[in-house]
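One chain follows as structure tokens, the form predicted alone.
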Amino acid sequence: MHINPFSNPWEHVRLLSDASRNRAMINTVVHHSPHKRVLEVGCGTGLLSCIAARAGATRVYAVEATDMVYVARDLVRRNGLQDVVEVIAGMVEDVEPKPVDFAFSELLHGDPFTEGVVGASNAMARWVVEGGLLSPSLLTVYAALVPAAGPEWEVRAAEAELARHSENFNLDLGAISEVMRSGTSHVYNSSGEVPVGPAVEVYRVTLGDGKPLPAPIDLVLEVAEAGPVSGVMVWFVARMDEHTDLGNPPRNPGHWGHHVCAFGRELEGTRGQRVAVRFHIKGKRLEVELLDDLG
């Protein structure tokens, strides 16, 4: 069985603590499940699959690739839903499709591609009969410049520590300082970054259309508020159905937080300054590379 961080119950605590996310997912499931055959991918604890059954689904296939599959099976058993809900261990890409009317998932993250939503949606689409619904059906990814103050502060704090150790132990620590100031980019998750420029649309992905991950794209971002700029913040909007969107917009990231790609060096941002960057997905990880400060 595929083991990943989502085997950790804490990840599901984080999911269940997000009331707005839960409300949106439950409303979608309750609206589309009655008298329907349903597929959930990444069912985790099995909560939403059980809700689909309680809402009137005739059959529910709950697919889970981690050890949480045992929790899901226990939940189904405790609620006497074995005749409706079948919990299937594995990746949806490896499971033989069965006809369903409604297929849904919430394979979303601060980095919107890290849980494999594109590949999983392509596999899910093979289950959905003509006229059925795949949810989400559209993923739109946005980005804006941010101070990314955390990494810069950490470098300065680390340099202060190095200076102290250099003096205390009579060591030349320049090699470490040079590595820290090499400009190497890195990514992290944050809920505290605030954009200093307007948002741009990076990708608009129709899920389930069989296409691969989006290709790299070069874009120019703009500074709207003068001050230091050290990276790019990414967020998403996922269209669940005609009534419901899920997302982690600035200042309201929910449990997902924001995917921040730090440049590795700080720019002295001035109002109207333009910064050229490249977005590319490596494996299942979205990275942003600083190309040029266009002034």
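Just count from 1 along the sequence shown to find any residue number. Given the structure is predicted, the values throughout are model-derived calculations rather than measurements.
Although not depicted, the form predicted in complex with a small molecule is the subject of the following passage.
Partner contact region in the predicted bound form: 86 to 94, out of 132 to 140, 195 to 203, 86 to 94, 160 to 168, criterion any non-hydrogen atom within 4.5 Å of the small molecule. Using a 4.5 angstroms threshold between heavy atoms, His12 counts as touching the small molecule in the predicted bound form. Proximity of Thr66 to the small molecule in the predicted bound form: non-hydrogen atoms within 4.5 Å are present. In the predicted bound form, the small molecule sits within 4.5 Å of a heavy atom of Val41. Although the partner is absent from this view, Glu154 stays clear of the small molecule in the predicted bound form, with no non-hydrogen atom inside 4.5 angstroms.
This chain is drawn without the small molecule; in the predicted bound form, the residue among Ala144, Val128, Ala120, Val76 with a heavy atom within 4.5 Å of it is Ala120. Residue in contact with the small molecule in the predicted bound form (any heavy atom within 4.5 Å), chosen from Leu207, Leu107, Val100, Val71: Leu107.
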